[in-house]
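You are given structure tokens for the same protein chain in two forms, set apart as structure 1 and structure 2.
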Structure 1
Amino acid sequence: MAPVIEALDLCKTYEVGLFSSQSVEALKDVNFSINAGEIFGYLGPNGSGKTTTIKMLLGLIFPTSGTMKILGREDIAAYDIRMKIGFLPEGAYYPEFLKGAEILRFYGKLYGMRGKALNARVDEVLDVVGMTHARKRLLRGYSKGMRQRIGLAQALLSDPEILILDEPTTGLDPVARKEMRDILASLRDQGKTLLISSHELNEVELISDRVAILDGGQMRVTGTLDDLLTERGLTMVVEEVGPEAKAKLNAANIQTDDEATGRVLLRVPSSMSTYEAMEACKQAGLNVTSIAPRRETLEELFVRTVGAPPGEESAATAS
């Protein structure tokens, strides 16, 4: 099956200044494709080019070179394509003098809907995002989470096949995040394709099927979580590790980590079986307190590819 969204060698170069030839490459040869019915996590530190890519997909800015295809078509601004895309921008403002239902009716009209059908659809999406109770309240009185849900609601109005969400969980409290995740997961279950950009990795990790990691405008890694998070193995917690024991463990390709008083975390490579690891500990004369299977987190992958966890080094990578 053809991918729903496809990007081929996308480049975006900004000319800085009026006459100087200085240019900034915001995107450089970005390739990815998103399949129907999956949640695609589009990751990267702030300023890595996530929003640039998304704006291109929506025709808000134009690529310097490269092509994009949505539903196999290049005229991504066509009406029928637009009808099938819902978009939630990052940190957008919604007019405060309108009520929840009113703002949705306004957006609905932009889709060409009207009358009873529009009202019915507005009620439906309000129900989906769990905002029915606030439909007659002015946006002025909404919390950040409620606004984000209204944002999601407007993206859902046309019952789109594709949802593009830019930082959907930013600034939400844990409960709201959980609810947002649930909504997104259920949307995926309805067969929609979701593109979620985020710099909050554990959020994305929890729901994404596939991810791409972008840094400095370049695509670093892309693939399913299963493919990417290959490093599996064991973690063992042992008591006191002396320098001698440490050398022995290292020789056996086991790494020590998190050395706290009284306990040390050992990382066992995936090539080593549990039995072999136990044996190595025994030889080193260590007392094992716990053994657990281990899978690599997205954060670790991120650090591995980008060099620093997002948020901490974002300013440096942005340039």
Structure 2
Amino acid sequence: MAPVIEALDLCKTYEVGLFSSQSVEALKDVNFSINAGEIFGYLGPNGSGKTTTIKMLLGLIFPTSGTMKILGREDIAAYDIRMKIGFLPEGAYYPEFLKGAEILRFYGKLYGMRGKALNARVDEVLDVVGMTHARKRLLRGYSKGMRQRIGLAQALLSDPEILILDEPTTGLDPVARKEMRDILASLRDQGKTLLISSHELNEVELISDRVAILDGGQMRVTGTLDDLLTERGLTMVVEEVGPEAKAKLNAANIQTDDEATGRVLLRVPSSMSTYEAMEACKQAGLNVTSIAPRRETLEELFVRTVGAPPGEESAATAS
């Protein structure tokens, strides 16, 4: 099957100022494709070109050179193509004096919906995002998570084949993040294609089928997480680590991570053998209950590819 979204040697150059001959290359020969029914994580630091790409997909700007295709077509600004795309912007703002169902009816009318068909669709998307109970509540009384759900419901009104979501989980508490992930996974299971641009790397890792990392307007890596994330040493589990034992582990370059279950996770660097790790635990007086190979996280891949993850001033060295 042909890709749902395809970028071929995509370039975008912006002129700086009205009377200046200087220019900025926002995208430089970017290539990627997104298949039907997958979640594609589109990542990169601020200024990497993610927003420029999204604007192109929405038909708001056009490439300086190269080709952008949606559903096999290059006329991506055409009305029938736009109707097949749902968009959730970062920090979507809606009139506070409207109720949840009212704001959806307003946007539904912009799509050309009317009467019973509009009301039925509003009911349907409210149910999909779990907001039926708050349909008559004013938006000023919505939490951050509820606003994100209403934004997603708005993006779903036209029953699009493609969803472009910009920071869908930013600012949500852990419960709301889990609920949002479940909703997005269910949409993928329905056959919809999702492009998610986010700085929440852990969330992207949990839900994405494939990811791409953009930096300086250039594509650095793209592929499945299984292909991109390498083995990074061992993970060991112990029951308890006191201050003295923790100091000995740190001296051996073994990181500790307390879990909610009361167990302690030990992250052993790839330079250390299993025997050496077990010996370090023995010297610290610890009883190891399990041991397994450890795969690097998406955040570690990001650090390895472009530097510090978004929002952090300095990158911790991946073990």
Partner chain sequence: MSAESTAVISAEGSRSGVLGSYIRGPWAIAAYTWKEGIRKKTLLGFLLLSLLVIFGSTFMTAFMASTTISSTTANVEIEVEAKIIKDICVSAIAIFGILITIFISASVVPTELENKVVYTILSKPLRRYQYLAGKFLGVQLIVIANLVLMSTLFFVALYAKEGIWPSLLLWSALLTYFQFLIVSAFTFAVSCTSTSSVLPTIAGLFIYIIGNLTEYLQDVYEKGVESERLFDTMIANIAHGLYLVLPNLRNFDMKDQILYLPSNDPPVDIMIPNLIAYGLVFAAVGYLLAWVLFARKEL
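By convention here, residues take numbers in order along the sequence of structure 1, the first being 1. Quick caveat: nothing in here was measured; it's all calculated off a predicted structure. Under this definition, the rigid core comprises the largest set of C-alpha atoms superposing within 1.5 Å between the forms.
Matching each structure to its source, the form predicted alone turns out to be structure 2. Relative to the superposed core, E240 undergoes a Cα shift of 2 Å or more between structures 1 and 2. Positional change of I54 between structures 1 and 2 stays under 2 Å at the C-alpha, relative to the superposed core. Comparing the forms between structures 1 and 2 on their rigid core, the Cα displacement of E38 stays under 2 Å.
Taking the rigid core as reference, the CA displacement of E276 between structures 1 and 2 comes to 10.3 Å. On rigid-core superposition between structures 1 and 2, the C-alpha of A292 is found to move 2.4 angstrom.
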